[in-house]
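The data below hold one chain only, encoded as structure tokens and taken in the form predicted alone.
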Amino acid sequence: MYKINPVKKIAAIHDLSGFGRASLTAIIPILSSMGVQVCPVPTAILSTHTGGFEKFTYVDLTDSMEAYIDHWEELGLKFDCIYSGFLGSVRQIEIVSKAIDLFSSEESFVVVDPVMGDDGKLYTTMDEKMVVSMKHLVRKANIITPNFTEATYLLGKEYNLKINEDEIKKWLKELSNMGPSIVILTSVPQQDSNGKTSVIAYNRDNDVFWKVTCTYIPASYPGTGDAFTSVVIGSLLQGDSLPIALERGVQFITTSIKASYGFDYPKRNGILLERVLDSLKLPVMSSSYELLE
């Protein structure tokens, strides 16, 4: 009898925070709402996420990760997508590399979000050894989703917010030449736009660039990068094209921030995800993506 897999499966290799909407606590509900089975591989367990909280408890799960994926290997598991995010050590990067080899197939795709820094600086848990190891990991990816800062570290470029689109396109091609066929660059500064940023993506297979401009809202919430990438992945797994997936990701984050901004609560708690999850079941009502020449 012909067997049909009724639900797509994704292996999500991220940390888990008990409080705050980031990493797995955002990824699981978003992708589940989009009809995807999320199979988490926790890299660490924290009492809260690290954005805005001065102290938190942290349990490193590196020592258990190899046995975890060894058991999955015994089960013969394969996934439609493997998605990695924040990794706390060179050894964890090596374990993720092994997981990609074990659990991917010709039909699946690998997404690496090279979480290393923001605002022109590395996070305190990162160093140059991690940057070098991350460069090796992105070679195994089909899709990478660095922010503007992470792109500068992957390429060894200067952090310059006055960069123009022609230079950004060169960066995207250089990043793609490292291995991934699709590069999605977030938090790209828009010149003379009063704080607006954009998402610009390059698809090497078609040699095309796509751009979606983000509405400026004077608020910052942790975990939006995880949420954006999750929506893009869910959209692609549903069969959407890359520009539509980008559009859905940007629309969801914009909707989430607008829904959250009007409430008086600590922004470090993250976007009010629970109030906007149902919007993921709606089709894209309007498209503002651009094809860059």
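Throughout, we count residues from 1 along the sequence that is shown. Note that the coordinates shown come from a computational prediction; the quantities given were computed from them, not determined experimentally.
Omitted here: the form predicted together with a small molecule. The next part is about that form.
You can rule out all but one of 64-72, 28-36, 43-51, 239-247: in the predicted bound form, only 43-51 has residues with a heavy atom within 4.5 Å of the small molecule.
Of the candidates Ala151, Val115, Ile182, Ile82, Val115 is the one whose heavy atoms come within 4.5 Å of the small molecule in the predicted bound form; the others do not. Residue contact check for Phe86: one or more of its heavy atoms lie within 4.5 Å of the small molecule in the predicted bound form. Heavy atoms of Gly223 reach within 4.5 Å of the small molecule in the predicted bound form, making it an interface residue.
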